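Encoded as C-alpha cells, the following chain is the form predicted alone, with no partner shown.
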Amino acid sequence: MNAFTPPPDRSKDLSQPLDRLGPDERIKYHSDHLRGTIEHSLLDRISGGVVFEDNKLMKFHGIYQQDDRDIRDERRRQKLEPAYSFMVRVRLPGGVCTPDQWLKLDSLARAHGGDTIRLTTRQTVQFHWVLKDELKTTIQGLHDVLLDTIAACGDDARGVMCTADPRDSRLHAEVAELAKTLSRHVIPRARAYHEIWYGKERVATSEEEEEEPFYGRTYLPRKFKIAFVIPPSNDVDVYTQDLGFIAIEGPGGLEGFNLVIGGGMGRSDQDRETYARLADPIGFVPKDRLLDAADAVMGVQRDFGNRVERSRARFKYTVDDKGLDFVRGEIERRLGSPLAPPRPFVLDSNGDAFGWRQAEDGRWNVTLLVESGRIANRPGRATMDAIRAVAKAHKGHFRLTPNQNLMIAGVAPEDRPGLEALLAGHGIAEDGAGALRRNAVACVALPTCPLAMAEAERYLPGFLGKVEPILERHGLAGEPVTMRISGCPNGCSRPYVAEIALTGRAPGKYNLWLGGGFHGERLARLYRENIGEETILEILDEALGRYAAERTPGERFGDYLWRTGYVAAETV
C-alpha cells in the first residue's frame, strides 16, 4: 500500500490505553503478529479444537472453528467435548478460478470437506467439516494451484467481489483485473501464515520490521468488505459493502468508479444500537487512482473505527458516529484532492442470468442454479461429479456468482455441445426452476455455524416449495421476487435488501422483513418478529394476493409494498 497514511503507533493506540480496548483488540496486540499459539494448538491431540485466543486468530488465516450442533446436546450429555471441525474459506478475487483450480477444490472437498463444496455470497468457496489434523494438508493443497485463505476472514479487507455476468466482456475483463489487483493490494503482509501453514522458517527481524505496513499491530477494528459492480447488474449488492466501486464507462471504455461507503448488513436483535445500513455515494475517482482511494477509505476506518465496543466497530458506525462529511473530508485529505461528483449510472437487478448466453467476444457462458450454494452429489443430480467432468474438459474458466451460483465461462462455440452433453449426462440441464427459486439465497446456518439460531440452507428448499404454490395461485409464478433467509441477524445472505427475508430468532422462529429493493437500492422493513412458518405463509399469501390485484405495470413486489404503505403498518 502507499505510504501516505502510515499506521498509527498501536502501543499508544488511538489515545485509548490498551487495557481499555475491547478483548479482541488486546488479543491481536499480544498475538505475536497473528501467530498466537496456533502451532501448539494444532499439535494438541487431546482436543479436536484450539484454545479460545487461537480460534480468534485463525480467522485471519481464513479458518473458523465450528462444531456439529446437531449432536452438541448429545455429546454434552455424554460428557464429551463438542464435535469440533473447521470451516476453511478460500480467497478468490472476483470469484474467478481456472479448471485446474476447480479440480483441486473438488479433490480437497472429497478428501477433507465432507464431499461438498459450499459457494458463498462473497463469490468464494468454503470447506466445512475439515478436521484439525487435516488443516495443513488442505491449505497446502490450495497452495499447489496458487490459492490461499489469507484474509478470507478476520479484521481485514475480505475477498474482493466483482460482477459475475460479463454483458460487456471487454469492460468486464478490465474491471475483473482491477478487482484482482486491489485484492493483492489489500492482503496483509504477515509472515505468520507462511510459517504456520507452509512450514517456512521464521526470520529474525525487529519489531518494527515485523509489523504489517498498513494494518499495524491490531489490523482493522472489524472486517471490511469491498466490491466492484458493473451496471446495470447489481449482483454484488454494492450498497451493502463497506466500500463499493461502481464502474463508469465512457466513449473510450472504463473511465473510473463512483465510490459508495458505509454499507453493512450485520445487526443484533438484542442491541437496538446495531442496524443494517446502505452505503452512501461520496464521489468519483478515475481508474488510475483506484488503489489510492481504497487506501484512503480503509485508512479512515483503521484510524477512527471503534476499538472499544466490537458491536459498533464496523465502518458503517464510523461513518454515522463521525458524520459522512467528516469521513469524506478525511478521505479527500488522504487523497490530496477533493472527490469529483458521482456520475450517472443505472442498476436494474441483483440476480443472476441463467442458461446459455453469448458474450460480445463470441464465447458462451452458462450459469447453473446451485440451490443454497451447496454443490454435492444427490440422487438424479450429481452436481459435484458434473462440474468435475466439465473442469477436465473446459478450456475457459469458472465464475462464482454473489448469489451462490456457478458460471461456466469462456466456452468456445465448438466446445458448447460437448459441455452440454456432460451436464445432461449427470442430470444437470435446464431445470425449469421458477423465478422465486432462482432469486433465493440462504446462509449456511445449522448445523455448523456457531451463531445460527434457526435453519437457513436446509430450510430454504422446503420453504420455497410452500411459497411457490401461493405465487401460482395469484398468477405470479413467473414474477421475479428476491428472497433471502439467514439463520441469525448477522445477515450473511444479505437479507435486509431482499423483498422478502427471514432472519432466525430460535428453532422454527424468524423475523419477517418485507419491502427491500429489487436491485438492492432500499432496505427492507421489519414486519413481524419471532413468528413461525404458518404465520409467515399467511402474511405472504395476503401480501402477494394484494400485489397481484393492485400492482401497476412493471411494478416490483417491494416497490408495491412501499407505494401502498403496506410495510409502514408493521406490527412487531
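The structure displayed is predicted, hence computed values, not measured ones. The first residue of the shown sequence is 1; numbering continues from there.
Keep in mind that the form predicted in complex with a small molecule is not shown, yet the notes after this line are about it.
Notebook entry, point to check: Applying a 4.5 Å heavy atom distance criterion, does R388 contact the small molecule in the predicted complex?
Noted result: No, R388 sits far enough from the small molecule in the predicted complex that none of its heavy atoms falls within 4.5 Å.
Notebook entry, point to check: Can any non-hydrogen atom of K223 be found within 4.5 angstroms of the small molecule in the predicted complex?
Noted result: Although the small molecule is absent here, K223 would touch it in the predicted complex, with heavy atoms inside 4.5 Å.
Note to self: When the contact criterion is heavy atoms within 4.5 Å, does N511 count as touching the small molecule in the predicted complex?
What the structure shows: So N511 does not count as contacting the small molecule.
Margin query: So in the predicted complex, is the small molecule close enough to G425 to count as touching (4.5 Å, heavy atoms)?
Written below: G425 lies outside the contact set for the small molecule.
Notebook entry, point to check: Among 185-193, 83-91, 358-366, 172-180, which stretch has residues whose heavy atoms lie within 4.5 Å of the small molecule in the predicted complex?
Noted result: So the stretch in question is 83-91.
Next item on the list: Have a look at A501, I230, C443, I117 for me and say which one sits with a heavy atom within 4.5 Å of the small molecule in the predicted complex.
Entry: Partner contact (heavy atom, 4.5 Å) among the options: C443.
Next item on the list: Please pick, from T98, N490, S349, N306, the one residue with any non-hydrogen atom lying within 4.5 angstroms of the small molecule in the predicted complex.
Entry: Selected residue: N490.
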